[in-house]
Structures are given as C-alpha cells and as structure tokens.
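Have a look below at one chain only, the form predicted alone, in structure tokens format.
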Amino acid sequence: MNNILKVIGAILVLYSIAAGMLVPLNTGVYQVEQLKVKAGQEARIDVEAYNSDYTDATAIQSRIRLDSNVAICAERVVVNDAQSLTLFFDIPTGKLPLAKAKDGEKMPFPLLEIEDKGKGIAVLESAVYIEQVVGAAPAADDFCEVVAYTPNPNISYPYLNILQETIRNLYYHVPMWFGMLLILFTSVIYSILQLRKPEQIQYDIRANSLAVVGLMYGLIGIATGALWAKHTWGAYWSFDVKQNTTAVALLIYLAYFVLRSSFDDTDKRARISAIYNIFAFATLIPLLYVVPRMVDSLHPGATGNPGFNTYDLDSTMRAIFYPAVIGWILMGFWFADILTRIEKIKYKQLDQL
C-alpha cells in the first residue's frame, strides 16, 4: 500500500509540474491607456492584450460592466494589431448604476470585458474610473444586455493582470503550505506517542524526520512566496505581516533542531524534543492564520485583498491544483520515510535501537 501511495504521489507531482508549465494563459488585458472617463462623453480606450490574436473587429464585443446586470457596450472596435485594440464607448449622462463596495470588500466594477467570439474573453477588474455628472438616471436603452460570455474552447489558465505568468506558482507555493501543516501535525502525533511510550525511540525518529520535511516545505513555501511578492509587490520581502509571522514560525521550528543537537542522551533528547515539538506546532497556527487576519495585509485572502475568485481559479486550474496538493503531500511523507530509514540505520549501528 505504501508503494502504491508513493507511485501515486510521484505521478501527481510530475503531472502538476508538466501541466503547470505547458498549459498557456488565456487572453488577458495587459494595459489600458485611458483610465478615467466622463459621463456624457465618448471614451476612447486603447487596450494592450496578452496572448491574443485579434483579426476581425466584427467578431469582438467589448463591455464596461457597471454591476452584475448592467453594462455599457462599445460602439466601435478597431483592431490595431493582434495584441492591441481601440475601443469607443458612449458613456450615458446622469447617475450611473455603479456597484458599491461593501466594507472590507474589493469590487471588480467597472469591469472591462473583451470577448473574441470562439477565442474566449479577456477581463480587467476596476479597469476605468467613470466620473459621473449630476442628472437623472440614463434611459434603459443607453445600456446593453449582459449576456453569458462564450467560454474559451481551448485549455488555458485565466489571465490575471497582477500575476501574469506567475499564476503557475499556485501549483508550488500553496501545496507547500498544505503539505507542511499536515506533515508537522503528523510529527506532533508521533511526539505525543513518544511521551506516552518513552521506551519506543522510533517515535522520536519518525517525529524528527517529519519535522525535517515539514520545515523544508515551509522554506520552499516562503521562497516561492518571495518570488511572487517580487512580481506583485515589487520586492522579495515587503515586511508584510504574513511574511513576518511565517518567518517567526519557521525560526521556532529551526530552534527545534538546535535543541535536539544540544543533547547527547537519547532518552532526554527524545523527551525534551517531543515537548518542544508540541509547543512549536501550537504557535504555528496562530502565527500563520490568526494574527495575519487581525491586521491589514497585502497577502491574498486577507481583509480587503481577496484571493482567487470565479474569474481566476477556474476548472482547468482546479484540475491541476488539487492533484498538486495531494501529490506533494504524499511525496513529503515519502521523503520522511526515507529519512526515518536512514536514522534507524544510524541508531542500529550505535546499538541504540
């Protein structure tokens, strides 16, 4: 059974790496030239797209969605080249039905949508700022019907303007944290068993091996997070609360190995290490998930900075993300099993097992 799980883990990891790197991104809006438009005037918006192949202007529909049900459709679309368009909108005069954000919630509106029939849709949240003028509400025929867009027929990832190609990091950064938590939790279970049965030194060996792999996953997670931070925030380390508390949590676990190395007596090392391991995991949860939610953070998922939404984490990404999580977790336990065997051999050579 263990061998089957190892094979499954290896296959899932290889699958997530290959698919994560080879599947292309969907068409996306890379840049818009005019960010501010005024009600009652014609708005010309120059758009630079990513991974697009615009050829036929008649096949392109563009909308500025004001809320989930109301949109302003482009009067004219001009194709400049395969990656750039010029869009012309007649912005109605009067008070527009713009969606209002709730407290602590980021709203995507006004949302720019560019649909190329048969080739999918490009979306940019909060694409423009509409300066409204005082007056009566526009007539209903000043707006166009919001219809469900045609899905991209090709297998692709959604394009996020802030992430671009680094969206692939989702398959490595996030699974590391899932794997770290489960592996370290299992390490704590073995530490508890060690305290209950001090004569069974193999529990300490297993707990230590799992802690090594868990820390390794944590270091990889914080390294991949730094790469993401460089692309999205402009610096590898921005002293964001999530970065800081994660660093503290990993330093606490590094101290676990320093503590172990300070004891020569096997029984004393196993007992003290087990107690510290339980303490380290007890501090891990609040440092990673409680404290960062109590203050504002740049990290996705925090207040005012949501994580992936329906425009982002689509079925294609889920089909790779979840296998990646399972695969890296299984591989982590495989790594820990290898380390456990090595440590048991060392103990047998010293006649301590």
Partner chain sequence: MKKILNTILLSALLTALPFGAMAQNNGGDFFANIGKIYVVVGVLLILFITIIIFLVVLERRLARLEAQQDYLEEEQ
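Everything quoted here is computed from the prediction, not taken from an experiment. Numbering follows the first chain given and starts at 1.
Unshown form predicted together with its partner chain; subsequent notes refer to it.
- Exactly one listed residue, out of 76, 197, 268, 231, brings a non-hydrogen atom to within 4.5 Å of its partner chain in the predicted complex: 231.
- The single contact residue among 147, 275, 223, 254, judged by any heavy atom lying within 4.5 Å of its partner chain in the predicted complex, is 223.
- When contacts are defined as a non-hydrogen atom within 4.5 Å, all of 31, 162 and 335 contact its partner chain in the predicted complex.
- Shown alone, this chain has one stretch from 91-99, 170-178, 121-129, 276-284 that lies within 4.5 Å of its partner chain in the predicted complex by heavy atoms: 170-178.
- At a distance threshold of 4.5 angstroms between non-hydrogen atoms, residue 321 is out of contact with its partner chain in the predicted complex.
- Shown alone here, residue 192 lies farther than 4.5 Å from its partner chain in the predicted complex, counting heavy atoms only.
- Among residues of the shown chain, residue 213 is one whose heavy atoms approach its partner chain to within 4.5 Å in the predicted complex.
- At a distance threshold of 4.5 angstroms between non-hydrogen atoms, residue 339 is in contact with its partner chain in the predicted complex.
- Taking a 4.5 Å heavy atom cutoff to its partner chain in the predicted complex, none of the residues in 56-79 make contact.
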